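Quick heads-up: it's one chain on its own, the form predicted on its own, in structure tokens.
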């Protein structure tokens, strides 16, 4: 006999058209079509990390997702707050702002990590230029994707086109000030992301930031993010006033994620002190497992540059490592985002198992766990 389908429903489910209030974070480079399909099919909202794509490959990815699922999914992009922030700037133009001594240091790092001198990344400029950003957005609009999320930045200047096409929107805020900007933009869901989170994150803890954002943005529904990796985390998010969760790290251990087995082993072996905040990868604060590559920037002779300059400076090194990740010798460079819930990230499971376990755990905690620990009548 098949197991009974569990029900766990909040307002976020109605807004996004999903079964469970679980949104998989859009992790650029790690959440590609296989993960998006698996999460959406399991009842959550699968999210493509769209910022690392070029317009043509993003279009292909959306088509692949639609072949794999008829359920809602999201595309996560990194956006400027307004069109003016990036207007008229090219990839080559951005490179001209990088000081010469940083290029010299990058050459030293190529030797240190055994990156060929003649290797140059063929990644285009969609991630860093306004023209590329416009093109990525246009692909999403033309395909009428169900949901667009702004992993960084704002959606205000995009909202009229989204509303015209019936596209739902998600804005992410690490503090009340940013959350209120999303209210101004009239997004459909706001993610309150705590310092505990893996990837790009803020500086306020999840327990503190979630209820403050919930109170500030009512009646817009909020999804909590940061160190949430099981049913207890989902229940805690609901207790803080959120109506769902935005989770990334727990899905990285699934077979559907674009993550090497070596990276998974490192996450499983990590302690809560191993997930550190660094600017070594993109120039923005990013929580990942400590590596020799983060150390040469965090403790080296030169501090990391800001976004997007640092990302451009280290692009060749990072991309070469990823293109040759199966060799194992470049594990010291591979970006391994991870939340502070490291000891909860202790087993390989499919995305469906992850979601099913989270829902089952939340229901058990609500039905028996909390009533067994607390008396209030």
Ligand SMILES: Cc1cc2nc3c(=O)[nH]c(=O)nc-3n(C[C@H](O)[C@H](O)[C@H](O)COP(=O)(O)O)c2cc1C
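Positions refer to the first chain, counted from 1. Since the structure is predicted, the reported quantities are computational estimates derived from the model, not experimental observations.
Note that the form predicted together with the ligand isn't included here; everything after this is about it.
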{"item": "Selected contact from 78, 174, 280, 162, since only one has a non-hydrogen atom within 4.5 angstroms of the ligand in the predicted bound form", "value": "78"}
{"item": "Candidate from 228, 189, 147, 209 lying within 4.5 Å of the ligand in the predicted bound form - any heavy atom", "value": "228"}
{"item": "Stretch in contact, per heavy atom within 4.5 angstroms of the ligand in the predicted bound form, of 7-15, 349-357, 365-373, 21-29", "value": "21-29"}
{"item": "Heavy atom of residue 151 within 4.5 Å of the ligand in the predicted bound form", "value": "yes"}
{"item": "Residue 337: touches the ligand in the predicted bound form, heavy atom cutoff 4.5 angstroms", "value": "yes"}
{"item": "Proximity of residue 223 to the ligand in the predicted bound form, heavy atoms at 4.5 Å", "value": "no"}
{"item": "Heavy atom of residue 246 within 4.5 Å of the ligand in the predicted bound form", "value": "yes"}
